[in-house]
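There is one chain below, alone, in structure tokens, taken in the form predicted alone.
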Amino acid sequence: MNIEDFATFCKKKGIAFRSADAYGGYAGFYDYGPLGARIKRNVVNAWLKFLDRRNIVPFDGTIVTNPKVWEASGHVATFGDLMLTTVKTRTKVRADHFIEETLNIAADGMSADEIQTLINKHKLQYNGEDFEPVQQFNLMFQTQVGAVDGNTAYLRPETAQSIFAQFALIKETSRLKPPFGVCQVGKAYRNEISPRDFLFRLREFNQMEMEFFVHPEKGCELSKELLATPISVLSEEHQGSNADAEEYTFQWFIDKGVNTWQVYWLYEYYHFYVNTLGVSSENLRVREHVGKELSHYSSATFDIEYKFPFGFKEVFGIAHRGDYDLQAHAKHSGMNVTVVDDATQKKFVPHCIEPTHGLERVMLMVLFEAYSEDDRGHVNLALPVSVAPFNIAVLPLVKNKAHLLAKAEEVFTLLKECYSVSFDVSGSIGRRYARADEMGVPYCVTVDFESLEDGCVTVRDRDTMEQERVKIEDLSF
């Protein structure tokens, strides 16, 4: 199934719609319907539960903050993409994407001069039009704060900087010392030149980030089991060629000199995707960033990519940011970002390991992984229990019998104390089973006429299609 057909399916099922769909939508913005809002919330909750550890604290920063934060971080001066504009119609396209799609080469990290050279060399055009010279386009949305003109601020393009800018207060109030993490989920805004691929590249999206602060000279002890775990890797050496990813173990990262905390969190997130979100390891790979695409603050970055219908694309990234951000905010604000080492009593500035992923991309990955359709057109959305919109669907066999409906309501009331439960009386029982499968509901509980006599219900498993008769008081999932 291609991305356009999948977007249609998601709209039909109430997962995601174009924003202001009745008005023709708005590029790069999506609303979440009744099912999508539940799935989205469950993905967030699964991630927060995964990070529920003694040395990780939550944080919730504002979308608009003092613009000096973005000056200190470098976003005002450098945060952008290269843009191509056609001469006649003034059509704007993102330069690296255009080069990748037209020449079938990797263009991430190319400079404006490199892209301009390729355009001139291959005499590239867009719909028969020549391009103006390559330009830098800042992705931050501007806004005005207060009633005074000229008081320009920005919608945050990432959630990380609010954590760095509040590091001293977070450290003081949490009473934690490295290694410790600060996690945050929330909206971010980037004025993408060409948003596309449904939920994959948006202008308004949610980030789930953690800034994990570590001692620059102290690593993490990694287990033998972790180091021996196999993983598919597209290394820096194999990019730009036709070579596929190769299987290594996590020891490969250590042998390359990657920070042990970075290896640890890469392993943890990889297994979160596989074990909690139900993603097949065959559809995942790790891609090492090549030197020219590394962010100015990063000494090493790795992505986890998922095999979407439009190719392997980034879902997760983990960067070693060093002390760049804390030092930048200390310089511009005067904030004290040092920590005292209890063992040596020496002060140090923590380094930061940043695992981050976009909620919408994770959600899209989970949905694609779960989707299947048989020869008869029957759709099964095999979402794991952790993210399914409902755990259970309660289905009275027919809807026009008062005693049967009353018993079904009794079962519904019992189950909803512990589970997320839907109640469906519309259509035949077969159609309601099919509807539950399309919604990703793992279990259906059918209340029939025998239930009135024997106190039992029929439990149907979505994935095996097996049915079992169970006493109502023994229901447990």
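As the structure is a prediction and not an experimental result, all values here were calculated from the model. The first residue of the sequence shown is number 1, and the count goes up from there.
Here the subject shifts to the form predicted together with a small molecule, a form of this protein not shown in this document.
Residues of just one listed stretch (148-156, 354-362, 115-123, 222-230) have heavy atoms within 4.5 Å of the small molecule in the model of the complex: 354-362. With respect to the small molecule in the model of the complex, the three residues Glu192, Leu199 and Tyr297 uniformly fall within 4.5 angstroms at the level of their nearest heavy atom. Mapping the unseen interface onto this chain, Pro178 falls outside it, with no heavy atom inside 4.5 Å of the small molecule in the model of the complex. Although the partner is absent here, Asn380 sits far enough away that none of its heavy atoms falls within 4.5 Å of the small molecule in the model of the complex. In the model of the complex, the small molecule sits beyond 4.5 Å of every heavy atom of Gly322. Although the partner is absent here, Asp96 lies well away from the small molecule in the model of the complex, with no heavy atom inside 4.5 Å. Listed residues Glu101, Glu373, Glu236, Glu314 were compared with the small molecule in the model of the complex; Glu314 is the one with a heavy atom within 4.5 Å.
For the candidate set Glu305, Glu209, Glu369, Glu288, a heavy atom within 4.5 Å of the small molecule in the model of the complex is found for exactly one residue, namely Glu209.
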